[in-house]
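One chain is shown next in structure tokens, namely the form predicted alone.
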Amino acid sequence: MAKKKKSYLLLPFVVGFIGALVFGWGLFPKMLFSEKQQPFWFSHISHVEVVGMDCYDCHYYYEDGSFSGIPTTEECSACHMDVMFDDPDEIIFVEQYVWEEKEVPWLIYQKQPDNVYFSHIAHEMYDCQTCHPAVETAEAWPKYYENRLTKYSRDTMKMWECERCHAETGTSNACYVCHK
């Protein structure tokens, strides 16, 4: 009789545990992150393999060592002042951004919080894919998930990732190295 009573006590714990797992791994991430789409497709393959551009033609360092990031619409318009191919994404870019003189609102997968200073030139010995998704060979954009609270990408580099790499390479993990 006492054995049967114990199994009734265990049932709420098991149901609660399974419910917590379903909520924590299944529902909470869907509530916290929203999936967003890039404004249009941009093919790195066409620019590198077809046109023969180098990564640094668009993503370069300024003289002071700071990184240019994503090229501006004005920089792209040097080649794309008019539609060059029968590509619907290029038509969107030229007609909606170049001709309208607007910046493309790209979603940045690795945008860092405002209190973080990341120097690309200090990390130039690493492949870009060490920190960024491999978009240069992609046929479609990786999914972008935005945190509804912080507005940062789910793929934003986490502090523990920076700390681990710094520890492995003997680089200081002092706060002032990465934080303003």
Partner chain sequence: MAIYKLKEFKIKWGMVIDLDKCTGCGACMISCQAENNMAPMPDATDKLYSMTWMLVYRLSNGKPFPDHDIAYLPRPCVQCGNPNCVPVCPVIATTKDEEGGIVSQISPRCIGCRYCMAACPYRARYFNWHDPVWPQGMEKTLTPFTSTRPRGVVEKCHYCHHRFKAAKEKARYDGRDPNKLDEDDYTTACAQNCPTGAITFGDLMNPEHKVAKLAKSPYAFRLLERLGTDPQLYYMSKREWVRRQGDNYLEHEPTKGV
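Note that the structure is predicted; figures quoted are calculated from it, not measured. Numbering follows the first chain given and starts at 1.
From this point on, the text means the form predicted together with its partner chain, which you will not see here.
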{"item": "Partner-facing stretch of 31-39, 131-139, 63-71, 50-58, counted where any non-hydrogen atom is within 4.5 angstroms of its partner chain in the predicted bound form", "value": "63-71"}
{"item": "Tyr152, heavy atom within 4.5 angstroms of its partner chain in the predicted bound form", "value": "no"}
{"item": "Interface membership of Ile45, its partner chain in the predicted bound form, 4.5 Å heavy atom rule", "value": "no"}
{"item": "Residue contact check: Ile121 to its partner chain in the predicted bound form, 4.5 Å heavy atom", "value": "yes"}
{"item": "is_contact(Asp114, its partner chain) in the predicted bound form, heavy atom dist at most 4.5 Å", "value": "yes"}
